[in-house]
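First, one chain by itself: the form predicted on its own, in structure tokens.
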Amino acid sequence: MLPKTFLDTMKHSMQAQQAEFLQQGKPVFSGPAALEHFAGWWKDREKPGHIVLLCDTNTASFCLPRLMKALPADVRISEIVIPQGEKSKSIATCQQVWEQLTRLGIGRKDVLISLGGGVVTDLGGFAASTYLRGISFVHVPTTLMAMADAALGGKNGIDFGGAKNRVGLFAFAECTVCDPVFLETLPAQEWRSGSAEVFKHALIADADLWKILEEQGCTASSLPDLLHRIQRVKIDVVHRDPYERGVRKILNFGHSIGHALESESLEKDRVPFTHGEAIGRGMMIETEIGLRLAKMSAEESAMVCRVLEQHFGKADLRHYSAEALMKWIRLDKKNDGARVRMSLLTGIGRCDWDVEVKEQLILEVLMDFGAAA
């Protein structure tokens, strides 16, 4: 768990760090008073007849009581609780959510609030956007991963056939509430996992932020000065390309390999990688691919891998088969038919997208990181 000084640090910088962004014209409240702003937001909105809270078993216990204080007192509120973890991001769980929404009589003027990490926000946005052809939904992320990345940008979806985010759609939350009070109970592993997206945002679009992270890391003490800057990277990229037809693809740096690692680990490991652990390693491996394609200098490539290794450990693939990982890479949504496409760094703070990478090169790099032939 985070040190008790975390919230004090956030409160001391509240005036400078409280922010309200607009994401496709819809508010994102971020900072130590985000829940207060959310409570006020309801006053200007047509009152729903019913609010449904989608939580996992962890957020139902640790986060729900705090959220309840920000909800209107005279509206019917129901809860749907799903098991914690990536395995809940499935069509079976989504069907259960639809069934419960139906049983509760939820209509188009009602609201679903997703309270949790990336699994909950991805699933909640997908379930809400497809139920009755779409009801309003709100994201209240409770992890660093979700506050920095997953709950922003309008991507919603589920895993299918073992492949990450295979089924989904674009739909933007009516409101997003990023209050660091929820990070108090975040385990150290989840903090480290969430920091992967923080490092990624810096690498693809903010060289100065990377310098800060290189010196300070992503810690409870450094986050108050960084959270809004991290969020701004994603919101700005999404504003330029909301439906991922071009530049938004840079947000996938590290994910072609990272998602393959995560999917394979979920299938074969007793204790699978978290999303961030997989993406951290994916960024190292894709940095090496970029080096071999002369996209990036050897000096910068070595520095990126050194910093990422300090935070996520070595990208050691000795327990994996290169061909098994390649199976998942071929399913990546960025591919063009049979051609593998990746987003690769061209320098610190710069990234290309739709870079074609030959399978033979990918296999060679995976084996150089220890994967079996």
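Keep in mind it's a predicted model, so treat the numbers as computed, not measured. Residue positions are given as counts along the sequence shown, with the first one as 1.
Separately, the form predicted together with a further copy of the same chain exists; it is not shown, and the next lines address it.
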Partner contact check in the predicted complex: of 191-199, 280-288, 102-110, 294-302, the stretch with a heavy atom within 4.5 Å of a further copy of the same chain is 102-110
Note: exactly one of 319, 45, 333, 66 sits with a heavy atom within 4.5 Å of a further copy of the same chain in the predicted complex, namely 333
Checking 182, 126, 253, 137 against a further copy of the same chain in the predicted complex, the residue with a non-hydrogen atom inside 4.5 angstroms turns out to be 126
In the predicted complex, does residue 265 come within 4.5 Å of a further copy of the same chain, counting heavy atoms only? no
Contact flag, residue 168 vs a further copy of the same chain in the predicted complex, heavy atom cut 4.5 Å
yes
*asked:* Can you tell me whether residue 275 touches a further copy of the same chain? I mean in the predicted complex, with a 4.5 angstroms heavy atom cut-off.
replied: no
key: in the predicted complex, residue 132 touching a further copy of the same chain (heavy atom, 4.5 Å)   = yes
